[in-house]
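As structure tokens, one chain now follows by itself in the form predicted alone.
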Amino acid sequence: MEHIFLLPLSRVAICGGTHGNEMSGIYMIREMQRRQVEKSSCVSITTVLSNPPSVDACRRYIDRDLNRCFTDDLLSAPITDSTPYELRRAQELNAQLGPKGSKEAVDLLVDIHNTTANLGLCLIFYCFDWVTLHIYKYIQSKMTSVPVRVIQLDIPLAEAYSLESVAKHGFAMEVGPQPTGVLRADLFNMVKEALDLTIEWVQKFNSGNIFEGGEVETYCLTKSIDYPRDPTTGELTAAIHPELQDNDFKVLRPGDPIFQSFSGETVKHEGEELYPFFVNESAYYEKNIAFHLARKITISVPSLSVKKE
């Protein structure tokens, strides 16, 4: 593949508390603000607590999920007296860190999340962005004590719904398992190391380092699976099977158990071999999602360096 040259990444935003009960990002932002981390070498760093009222209440959100409010349609919707808080806040964040799709948007945005699922450390983004893929490749090469993976959502930018989509380049950092409203030191340290490596990569990139290309594995979302439900009441009739629980990213083959009914029967996976993730994520019960399924694909990443002015 050809060598890619890109402009320097001079403005970086680190966000946490987009969901007010995901504590790693909240305390990371508070710690960075306490230490007044605003500049690191040639990089300007903005820290943002995304949803302060939900953080204060230790709730995922106040009126609706903020991390589903950044589509073009919602960001351009008129604000009225009845507009939910998170829609107002999304437009404020877009004005501060974007506008989405514009030259004025921050160069890189990292939004820190926790999951109750056994994901380890995952980076999530919307398209094959060479910057984010190289950052992933760099973090993965340095953090050898924990699994580091990347999830790609095949969604057009206009329909991209989460906070990181307002930046020129961005990704969500998902770390788990961690219960909602709980802070774990091991996961906090994982986030800190990944953020430090991200800033380190940006500094090296801006300084003219050449990052060699290569191949990376990514998980591409294909579909979501709901729990078995009573057709009349809609109530759950089964839970995640013990053999699937905590086995995110372990290949799921036809015939493998996925649910266990409350009467003891096993529901098995049908169809092609795929990879489950966000297995039994607590926040997804309201979204009617028991887990996602992905294909594992290999991407050839070109070498990359900064474009000289």
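The structure presented is a predicted model; accordingly, all values stated were derived computationally and were not measured. In this text, residue numbers run from 1 along the sequence as written.
This protein has a second form, the form predicted in complex with another copy of the chain, left out of what is shown; the following refers to that one.
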| remark: another copy of the chain in the predicted bound form has a heavy atom of only one listed residue within 4.5 Å, and of 91, 71, 152, 116 that residue is 116
| query | Here the chain is shown alone; which of 64, 250, 59, 268 has a heavy atom within 4.5 Å of another copy of the chain in the predicted bound form? | reply | 59
| note | Only one of 218-226, 201-209, 120-128, 182-190 sits within 4.5 Å of another copy of the chain in the predicted bound form by heavy atom distance, namely 182-190
| Are any of the heavy atoms in residue 282 no more than 4.5 Å from a heavy atom of another copy of the chain in the predicted bound form? | yes
| request: Answer for residue 245 alone: is it within 4.5 Å of another copy of the chain in the predicted bound form, judged on heavy atom distances? | output: yes
| query | Does residue 104 reach another copy of the chain in the predicted bound form if we count a contact as any heavy atom within 4.5 Å? | reply | no
| Can you check whether residue 239 is within 4.5 Å of another copy of the chain in the predicted bound form, heavy atom basis? | yes
| query | Taking 27, 31 and 260 together, does each of them reach another copy of the chain in the predicted bound form with some heavy atom inside 4.5 Å? | reply | yes
| task | Output the sequence-ordered list of residues from 141-177 with at least one heavy atom within 4.5 Å of another copy of the chain in the predicted bound form. | result | none
